[in-house]
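Encoded as structure tokens, the following chain is the form predicted on its own, with no partner shown.
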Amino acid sequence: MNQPLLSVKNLKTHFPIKKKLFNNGTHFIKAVDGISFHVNKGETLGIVGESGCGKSTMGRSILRLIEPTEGSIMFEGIEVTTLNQTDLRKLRSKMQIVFQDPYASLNPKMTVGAILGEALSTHQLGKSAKERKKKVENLLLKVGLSPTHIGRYPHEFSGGQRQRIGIARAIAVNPALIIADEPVSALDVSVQAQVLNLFQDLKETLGLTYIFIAHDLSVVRHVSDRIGVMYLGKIVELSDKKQLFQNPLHPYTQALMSAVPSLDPDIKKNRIILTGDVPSASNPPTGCAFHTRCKFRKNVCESVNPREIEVIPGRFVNCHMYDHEFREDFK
């Protein structure tokens, strides 16, 4: 079996918070709390979950835009977490990110040509200004924009066009992996489909690999090969897309799937309404993080952290119901 392009093991990103009065203990927000997965070359791994579950922090931690607290990040056989800044800068040409807000991520004082040209010059792509300009024009064509837009500023474009510019900046340096962090959530529905199709086209033509982060299951379903479901800093289920939608295993995944509208009017879904709020990442529950909202919970769920169970090859779930050691408790 070929080595994965990216392998993440026990990744944690904890943020220290101000100590409370008369309390000498150290408190942390556990935004990412021990997740593991791999991404094969040429595939799209979708990451889905509620707002605040740690999806974006995970993506930025992989690129070390946020420094992870603990864990291993192997990219093309290189341990990313131990690289110095010089080597990390070199590696970043192979790992790029597309941000959620296409306007905030573009410098309003720079033209499109300057924004894309800066990416090329930073990574020393293009021997001369003339050659870089030609590359910028080709990039604009690849993302469905006109080369005549090269002298315009970000405010002169629509939201969908600005996101295309963000995508052009990401592919400018010929990356192997792109982390797309909620790249269509700020766009109109009609524009979302166009941008998603652009991602698919670029994947095929450039041989790209994606980690596609979103909270919308229909978006993730459209672009992903496999999907990881996150809850409170942890991946609770990881599966092939078809298997996940046909037969969700984790109670949290089942609740998410029950909220997805069906295109078939003859199919009636039983909506699963979760009770209570998502617990605080600064004070997560003991045992299973989901037990406070789970209708199947047992005593073991409140005290023992579930381990990752491979139900069938390639399909993983973190739930005591599928663990042979505790299966009797759920009968």
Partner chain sequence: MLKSIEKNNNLLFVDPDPLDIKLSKNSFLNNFLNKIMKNKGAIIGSVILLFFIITSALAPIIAPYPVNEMNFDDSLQGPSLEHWLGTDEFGRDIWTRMLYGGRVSLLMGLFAVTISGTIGVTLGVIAGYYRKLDIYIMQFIDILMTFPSLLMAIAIVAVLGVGLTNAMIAVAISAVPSFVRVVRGSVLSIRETEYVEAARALGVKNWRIIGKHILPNVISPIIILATLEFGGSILSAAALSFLGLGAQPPNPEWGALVYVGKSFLSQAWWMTLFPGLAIMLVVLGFNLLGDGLRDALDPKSN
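Quantities reported herein were computed from a predicted structural model and do not represent experimental measurements. Residue numbers count along the first chain shown, from 1.
Omitted here: the form predicted in complex with its partner chain. The next part is about that form.
- In short, of 205-213, 144-152, 130-138, 70-78 it is 144-152 that has heavy atoms within 4.5 Å of its partner chain in the predicted complex.
- Annotated contacts: 40, 82 and 239 are all free of its partner chain in the predicted complex [non-hydrogen atom within 4.5 angstroms].
- For the residues 249, 97, 165, 232, the 4.5 Å heavy atom test against its partner chain in the predicted complex is passed only by 97.
- At a distance threshold of 4.5 angstroms between non-hydrogen atoms, residue 118 is in contact with its partner chain in the predicted complex.
- In the predicted complex, at least one heavy atom of residue 169 sits within 4.5 Å of its partner chain.
- Its partner chain in the predicted complex is not approached by residue 30, whose heavy atoms all lie more than 4.5 angstroms from it.
- With a 4.5 Å cutoff on heavy atoms, residue 297 does not count as touching its partner chain in the predicted complex; it lies far away.
- For the stretch 82-117, the set of residues having any non-hydrogen atom within 4.5 angstroms of its partner chain in the predicted complex comprises 89, 92, 95, 96, 97, 99, 100, 101, 104, 105, 106, 107, 108, 109, 110, in sequence order.
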